[in-house]
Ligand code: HEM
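What follows is a single chain, given as structure tokens, in the form predicted alone.
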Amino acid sequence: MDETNKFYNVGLLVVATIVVAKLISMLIMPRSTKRLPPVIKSLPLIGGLVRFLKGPIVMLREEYPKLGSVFTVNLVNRKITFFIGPEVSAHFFKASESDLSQQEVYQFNVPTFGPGVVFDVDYSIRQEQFRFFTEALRVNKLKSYVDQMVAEAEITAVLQMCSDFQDYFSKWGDSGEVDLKYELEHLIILTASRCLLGREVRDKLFDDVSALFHDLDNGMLPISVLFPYLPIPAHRRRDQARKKLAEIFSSIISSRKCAGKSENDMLQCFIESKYKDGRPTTDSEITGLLIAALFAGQHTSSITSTWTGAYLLKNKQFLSAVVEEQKNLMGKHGKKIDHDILSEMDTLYRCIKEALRLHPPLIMLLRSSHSDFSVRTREGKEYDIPKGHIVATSPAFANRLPHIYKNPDTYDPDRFSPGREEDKVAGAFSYISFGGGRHGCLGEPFAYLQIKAIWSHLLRNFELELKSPFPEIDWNAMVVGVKGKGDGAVQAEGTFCLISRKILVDKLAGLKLLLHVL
């Protein structure tokens, strides 16, 4: 009890100190002559924080029509200035790290990724580590990864009869209930494990590593952004999981080196990577880079896969279009699936891209301003952004601007088709689901290939029908996705027959599908 009171008193003292400092600065600091952006009106001191914590997207929807594309919200002792729309976002995406930095605003990732990687190192080292990612995701690597993705998602029915390996989807049976959200999350991490984490993890340690990643994931909470080292149970489990993962990967790395083995996966790429000064990567760095890679890709791919399916099943004209595309490709290439064939799936690509426009998993991108700069809005207003501001943009809001996208809240993959290309007509940074500029997502090609591989299999082997209400958005998650538990509950009955058309009912915490085995 004494410790609790002591912690509470210290907290009150910190808040009081901030409040007093703020009041003093307001009284003694001279008025600035800068053309500052408009500020969101709220209660003094903590009003902006309260509105922000209630939901940044709700706040943006309310303030954008009143304040325009550039405005500031005061969060106690910090100021966040939002840039909404491509006309004001160029500096956000193009500025050098010395002007707008990621490191300060993403420090909360350090306990998860670990020391010595990504946001725990200076920019020059981080750039070299990003080079390691780039080399691991080159086209020749992606082509080999596709074969591994397809091996997870699309094993022939003959192999299903073999006791040593079954088609992932064979366990769905012929009829029953399947949690689609869980299934896609699970399949995404399976394919990622095979391509990124390595054969040893996929074949022998998947359940252990998957559980540890689950603890890491659950250890990244909204409060973690402000207090990443707060001694709470979720953080303790996160730290224990990170330690155990380091031990597992250290053992795998040591085993590969001793045996002289070389595998075709991202783990091997990181083992063989060297810095410019010739220094090899350490086991700790390799583990951190692998965790960062899986975190970056797993959520985006699983969330986007689920939204893609939901929208296709709700919009029959687009479902028919992607099924017809698969039939044409099968007529041209047979049942074969590889990197080049996936790259021909333009219709499916546009359907995935549109789902990602409407539901980007990262709803906010942040930078810390290290220098003053100015910005001009499309209305011709000019604002000066002071050094020290946090600068933000929101893919979830900017991707639905009506002056860029026609009927922006409507699912319409054809908006990206030749002749329309709404994301290009308005100029650069009109579509920012994968970021852009200097910090564009390195894993974008991998994500599209992974999602295409899974949905290509589903579209070729099942007929689907949406039977329940459209799923809701889970705004409470750190990475915004589909609302639902995804607990994996399955009920099935009947016998499997490839020729007959059996019914499979798929339930996604509010999303039901009828699946007919073809």
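Here the structure is a predicted model, which is why all the values come from computation and not from measurement. One-based numbering along the sequence shown.
There is another form of this protein, the form predicted together with the ligand, and it is not shown here; the text below is about that form.
- request: Could you spot which one of F318, Y405, F133, F71 gets a heavy atom to within 4.5 Å of the ligand in the predicted bound form?
  value: Selected option: F133.
query: Pick from A234, A426, A90, C441: which residue has any heavy atom within 4.5 angstroms of the ligand in the predicted bound form?
result: The residue in contact is C441.
- prompt: Is L205 close enough to touch the ligand in the predicted bound form, meaning at least one heavy atom pair within 4.5 Å?
  reply: L205: no contact with the ligand in the predicted bound form.
query: Even though the ligand is not shown here, does Y106 get within 4.5 Å of it in the predicted bound form, heavy atoms only?
result: Contact with the ligand, yes.
message: Against the ligand in the predicted bound form, would L356 count as a contact residue? Criterion: heavy atoms within 4.5 Å.
response: Yes.
task: Report whether the minimum heavy atom distance between F82 and the ligand in the predicted bound form is within 4.5 Å.
output: Residue-level check for F82: no, no contact with the ligand.
Contact test, all of A293, A296 and S301, partner the ligand in the predicted bound form, heavy atom 4.5 Å: Per the other structure, all of A293, A296 and S301 touch the ligand.
message: Only one of 256-264, 239-247, 325-333, 364-372 has heavy atoms within 4.5 Å of the ligand in the predicted bound form; I'd like to know which.
response: Correct option: 364-372.
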